[in-house]
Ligand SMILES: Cc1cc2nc3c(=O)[nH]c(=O)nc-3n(C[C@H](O)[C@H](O)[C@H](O)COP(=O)(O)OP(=O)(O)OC[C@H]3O[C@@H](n4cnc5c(N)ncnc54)[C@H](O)[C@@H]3O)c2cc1C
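First, one chain by itself in structure tokens, the form predicted alone.
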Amino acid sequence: MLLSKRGFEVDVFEKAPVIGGRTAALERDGYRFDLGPTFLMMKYLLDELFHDAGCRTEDYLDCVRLDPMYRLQFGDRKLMVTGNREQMKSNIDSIFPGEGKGLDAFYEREAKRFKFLYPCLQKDYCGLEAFVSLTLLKAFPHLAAGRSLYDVLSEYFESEELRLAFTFQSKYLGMAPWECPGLFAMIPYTEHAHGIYHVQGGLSEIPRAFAKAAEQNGARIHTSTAVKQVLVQKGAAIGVQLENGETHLADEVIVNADFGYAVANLFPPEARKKWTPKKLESTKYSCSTFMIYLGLDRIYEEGEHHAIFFAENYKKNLEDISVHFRKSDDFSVYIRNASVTDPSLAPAGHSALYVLVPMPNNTSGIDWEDEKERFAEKVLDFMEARTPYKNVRQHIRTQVLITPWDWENKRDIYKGATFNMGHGLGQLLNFRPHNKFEDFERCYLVGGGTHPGSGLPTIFESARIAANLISKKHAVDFTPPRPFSEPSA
């Protein structure tokens, strides 16, 4: 979208019949589900990108701010999370007496951290000189180096459950809060301070909108057109070869495939320098997810748009996932009941329910083809026993399951790690695959496997970074990222 607006001739080659990848729509029997992401944070970044493309978000998307944002369920205790600061303090005090005051300290300190760290997400780290930039030097005191997200949030709240209410967001990165770097306190902060949005029709409407804007500026999008290999000659990408045998030459190649999959399958082995098979295998990867998409013949009005039901022993559950690579019977469940907000996702009076259970990636060796039906039944048992979705089985009209095995073997995601490689300090900034790929020239990376990392806003930012690098190389004018200022409500 950005490059076509700037006058570049752009061709997009997409293997699937629809664009979007993990942010595509899954449609079945009149029901429409988001395949992957369901939370839209930092909407102001989306607005900036459309503005840079000469467009307005509201001309392409109908975004609804959610309040309350989500429900968190700890056993028999329910916390409704809202972006209204005073109401949130009251909600906290009603369940965790005396702890509401910690929210004020959270807002004040984390606003400062966000102010200094957010500009770091907008820069590329293709060279070591980025580490001595004034932006990063100013941010350094706010990195919370050596401290986890859980450590940082423990400064504000005493209750274990309340700490989890502000640290579960580490799962957006496929990590446990005890291993997630403290700098990511900016994620719960931006949720509370800037809100969470739903896009009518699903978040899959976002890539569709990008495509529409790009095509209006002359980009050509080829769906059902798989790339077999990136062509590399004399240390530089020169185009792509398609599965159908066609060759398309280009001055620059941008790779939006899952990074691990691309290295293992799309890059010529002889062209790899840093990212050898050994390097790829030794990299740490995020967890995976077990998905159930349910088309129901009723709407559960008693269910919130977003809700998370925590495992009884959350820490042990996360250790099973990330340390021992095993599934357990004590698991957490995220449910999106978007039909209470968006009637377009299902036939009248029906609903499209999205159910996600964090699971180990395929390092586990679990035979999901053998296990998936039994595990799906356990999840449905959980829903009927511990959530508002009583008797959900009798209302199911269509059901789709996606396992970690499916993510890898049907969706081309390396090890089924749905949140890409891990986000430990050794795999951030310059230590993450570069936006300008380091193994050969004229190749750029976008998506969760490069800087700044996983999550829709950071993935969008990776696209702007790559577009700006290419524009700078070809002396094409562009608008640099704006200095951060708190957006208006």
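Each residue number is its position in the shown sequence, starting from 1. Bear in mind the structure is a predicted one, so any value in this text is a computation, not a measurement.
Here the subject shifts to the form predicted in complex with this ligand, a form of this protein not shown in this document.
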Name the residue from Tyr60, Phe39, Tyr70, Phe440 that puts a heavy atom within 4.5 Å of this ligand in the model of the complex. Phe39
Only hit among Phe166, Trp407, Tyr285, Phe184 for heavy atom within 4.5 Å of this ligand in the model of the complex is Trp407
This ligand in the model of the complex: contacted by all of Thr82, Tyr189 and Asn337, heavy atom 4.5 Å: no
Using a 4.5 angstroms cut-off on non-hydrogen atoms, would Thr23 count as touching this ligand in the model of the complex? yes
Quick one: does Leu46 come within 4.5 Å of this ligand in the model of the complex, counting heavy atoms only? no
Check whether Leu35 has any heavy atom within 4.5 Å of a heavy atom of this ligand in the model of the complex, and answer yes or no. yes
In the model of the complex, does Thr225 have a heavy atom within 4.5 Å of this ligand? yes
Of the listed stretches (390-398, 250-258, 277-285, 101-109), which one has a non-hydrogen atom within 4.5 Å of this ligand in the model of the complex? 250-258
Residue by residue through 348-366, tell me which have a non-hydrogen atom within 4.5 angstroms of this ligand in the model of the complex. Tyr354, Leu356
